[in-house]
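First comes one chain, alone, set out as structure tokens in the form predicted alone.
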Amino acid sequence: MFRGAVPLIDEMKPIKTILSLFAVALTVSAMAQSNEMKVRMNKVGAEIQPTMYGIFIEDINFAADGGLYAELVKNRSFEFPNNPLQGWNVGGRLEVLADGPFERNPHYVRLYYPGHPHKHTGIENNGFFGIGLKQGEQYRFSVWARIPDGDAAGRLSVELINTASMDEGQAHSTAQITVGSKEWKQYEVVMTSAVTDSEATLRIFLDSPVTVDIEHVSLFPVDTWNGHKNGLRKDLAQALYDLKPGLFRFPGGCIVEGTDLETRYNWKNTVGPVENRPLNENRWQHTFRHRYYPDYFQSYGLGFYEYFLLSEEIGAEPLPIISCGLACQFQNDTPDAHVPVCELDSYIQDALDLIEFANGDVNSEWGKLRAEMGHPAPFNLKFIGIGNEQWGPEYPERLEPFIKAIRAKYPEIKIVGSSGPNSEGDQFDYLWPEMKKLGADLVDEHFYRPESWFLAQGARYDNYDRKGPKVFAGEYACHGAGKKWNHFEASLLEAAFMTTIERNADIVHMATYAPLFAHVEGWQWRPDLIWFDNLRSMKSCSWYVQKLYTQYKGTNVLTLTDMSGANVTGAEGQNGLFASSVYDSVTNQVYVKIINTSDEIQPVKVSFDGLKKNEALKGVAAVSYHSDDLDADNTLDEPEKIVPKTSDLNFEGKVLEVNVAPKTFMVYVLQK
């Protein structure tokens, strides 16, 4: 049968109807997929502790010597045990002697005239992967020296050199020092670098026929953090200050325990004059054969006094960790590696003396030392950690006498115990009840885990026992499965995990990412928060996640749920969304954090319940943190490649409707 025009037009009507219905269905479907949340504005929740988001340093990855501690000379006191001249190149006539002026650093070098006018005695130091110098910057060279024989003065020539220079000479900056005393004295001179060189060398010549002894050879930038003489590297300390951390945990980590008890971190060796602080073997020197650094030691130039001072200057509460008498249990599986419980008295006394050093009156033994070092006022220590990642019954039986002694003398000090090295499992389940039984104030949890773990932990603290110790999430980082390095996706999942920390501020009082620093030529562990070379530094994507949480920390939790009343934790049916909300009583602002871990745009509707009839919130800003390349991170060449972006939030009302892009961390700032 022939089908003409009219019948064809008539048949178009049902097609149009179908298309119209299909469009409606799409609209309904889109609305159904909208993720509805509500924030309870009429009931301000738990207080967020000032210590909630902090930092943790361990001297791993050359974080201290060669990093934050701005000393540019390696083995400055000639104390490396297997070779006192390790780190030095030498020529001419010299010898190493061991009856020097500093009891705990007895070695020094005697420089002799080489016996011929065309021969030279000299030593040179390459620092930590080279010595970083900036053109026009000043550097303070100092040395303890004497003339051991005769009355004539000796002379030293000090040079900053570029061994690869194509100029006629290698030296670009020089200075002379006259040594005129038979007694040990410290000499110093300030030199200005004529060039920028990331791998310079320090060279010292004996410049006279007179023998000269030298000890504690040092080179520091004059421009250090807060102008402290021979202090901290300015850009690295500034990166810590910029985080506005509420807590500073130091000095470790596994170095607190030591590979053996002889090499544990002993805080008493880290205070007093730096010239007499003894060298310590770094536990990370030989831990990994695939990342082996036989010249990695601790000078203790960055010691407990410096850590306390830095805590004060960046506005963070100090949390020192001390040994409980257990050597690293990962590296020791026999009881004789540890201190017997009956022999812990000196370790317990170390803990009590540390509190006195931090808080004691200037007339007390250790308070007097603090004052002599330049800080008469107490550091106002409130927390102390006993042990690091200990486990098994041997830990609580050693922790108990520490707690009793500290409670008896310093009942105001809060004590941090440990739940072991794992985020769950037999040891974790054993230690938590033990910490509660012993009366620890906080329990330190550690988790270096892959993506799947972080995606599954959005509700981790929602059902914790509210009557026991508080939680310290002391070491955490997302270690990608098959890609254990810094990259944006790992930081995004850390942001998602942090919603359970924020939501549960009544039970979680502290949290610190780890590790903190890594030298690009000397790392053993990654990912890390801040990377650096000899002249530059870079804040990782994880640093920016931490910054967003500290910047928008708020003072109190606000309850945020989906429409069923469930917390938004990335659970099934929540489309990969994690969320939390806080109120800031100082700014009278509300901060809503939403992390979309899915691959799709997620429409989100947030209702602010409990506002008065005529009350409305006003948008202030929308902060977006996103990268199209999930495997990318910032670099030393592109330090701001991936940074948060802030835009105006044009909103006024009680219901905020937004579209959250895939793989994005959003912070919405609203004025109440």
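The shown structure was predicted, so the numbers you read here are calculated from the model rather than taken from an experiment. Residue numbers run from 1 along the displayed sequence.
Another form exists, predicted in complex with ligand AHR; not displayed. Remarks below refer to it.
> Tell me the stretch among 564 to 572, 444 to 452, 190 to 198, 237 to 245 that has any heavy atom within 4.5 angstroms of ligand AHR in the predicted complex.
Going by heavy atoms within 4.5 Å, the stretch is 444 to 452.
> Hey, with ligand AHR in the predicted complex, do W284, N388 and W525 all fall inside the 4.5 Å heavy atom range?
Checking in the predicted complex: W284, N388 and W525 are all within 4.5 Å of ligand AHR.
> Please determine whether F62 contacts ligand AHR in the predicted complex, using a 4.5 Å cut-off between heavy atoms.
No, F62 stays farther than 4.5 Å from ligand AHR in the predicted complex.
> Check F56 for me: does it contact ligand AHR in the predicted complex (non-hydrogen atoms, 4.5 angstroms)?
Residue-level check for F56: yes, a contact with ligand AHR.
> Would C254 count as a contact of ligand AHR in the predicted complex, using a 4.5 angstroms cut-off between non-hydrogen atoms?
Yes, C254 is a contact residue.
> So, in the predicted complex, is I415 in contact with ligand AHR at a 4.5 angstroms heavy atom limit?
I415 lies outside the contact set for ligand AHR.
> Counting non-hydrogen atoms within 4.5 angstroms of ligand AHR in the predicted complex, say which of G325, P515, G154, G458 makes the cut.
For this set of options, the contacting one is P515.
> Among the candidate residues E306, E489, E317, E475, which is the single one with a non-hydrogen atom no more than 4.5 Å from ligand AHR in the predicted complex?
None of the other options qualify; the answer is E475.
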